[in-house]
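Next comes just one chain, in structure tokens: the form predicted alone.
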């Protein structure tokens, strides 16, 4: 069934790679192609995190303490995240892509996720004894797809080097109210190349719309 919305679907792709035009960007390209094949009307915004001026979270808690009724909280840091927040709020679906470095998402992706957390979530009054953990501010159901790559480690050994996917999944659920409809790990791309994973990326993009 095709994703139905009162207006054109908005897809936001977030790239956490340091190498523009490399593996992650190519896979995101194919995911976007898959989404457009499913719905040519889709509107796509793309953010290359490496091109943005994104400061570290200061843990000042201004966003966490802001009015929980707001669609997204105020962040006191005046940097490029201020122009990214409206894109995140407007999006119906997300694609997150990052290489794994030392088994984790890139530093720029981690910095981005920290800046997103309490801006788009609020302390939950439920889930004792974990009262206060983040829950999404938005009640609008969204979708997300996750792409992770490794230059050396093959998919068979993914368990030893992929901590990024679990963080992205939890952020999608607890912060963005986005159901992860698919994720995949493109492993050992230095030896295998990116081509074996292009179809998976295309199908992931379709899944965001279908």
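Numbering follows the first chain given and starts at 1. Fair warning: this is a prediction, and the values are worked out from it, not measured in the lab.
We do not show the form predicted together with a small molecule, though everything after this point is about it.
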Item checked: 4.5 Å heavy atom contact, residue 19 and the small molecule in the predicted bound form -> yes
Note to self: Residue-level contact is defined here as any heavy atom of the residue lying within 4.5 Å of the small molecule in the predicted bound form; does residue 76 satisfy this criterion?
What the structure shows: no
Checklist line | the small molecule contact in the predicted bound form: residue 130, any heavy atom under 4.5 Å | finding: no
Margin query: With the partner left out here, check for me: in the predicted bound form, does some heavy atom of residue 155 sit within 4.5 Å of the small molecule?
Written below: no
Next item on the list: Could you work out which of 124, 111, 101, 138 is the residue within 4.5 angstroms of the small molecule in the predicted bound form, going by heavy atoms?
Entry: 101
Next item on the list: With the small molecule left out of view, choose which of 201, 24, 13, 9 has a non-hydrogen atom within 4.5 angstroms of it in the predicted bound form.
Entry: 24
Note to self: Can you tell me which of 130-138, 114-122, 78-86, 101-109 lies within 4.5 Å of the small molecule in the predicted bound form, counting heavy atoms only?
What the structure shows: 101-109
Check: Each of 149, 161 and 190 near the small molecule in the predicted bound form, meaning some heavy atom within 4.5 Å?
Finding: yes
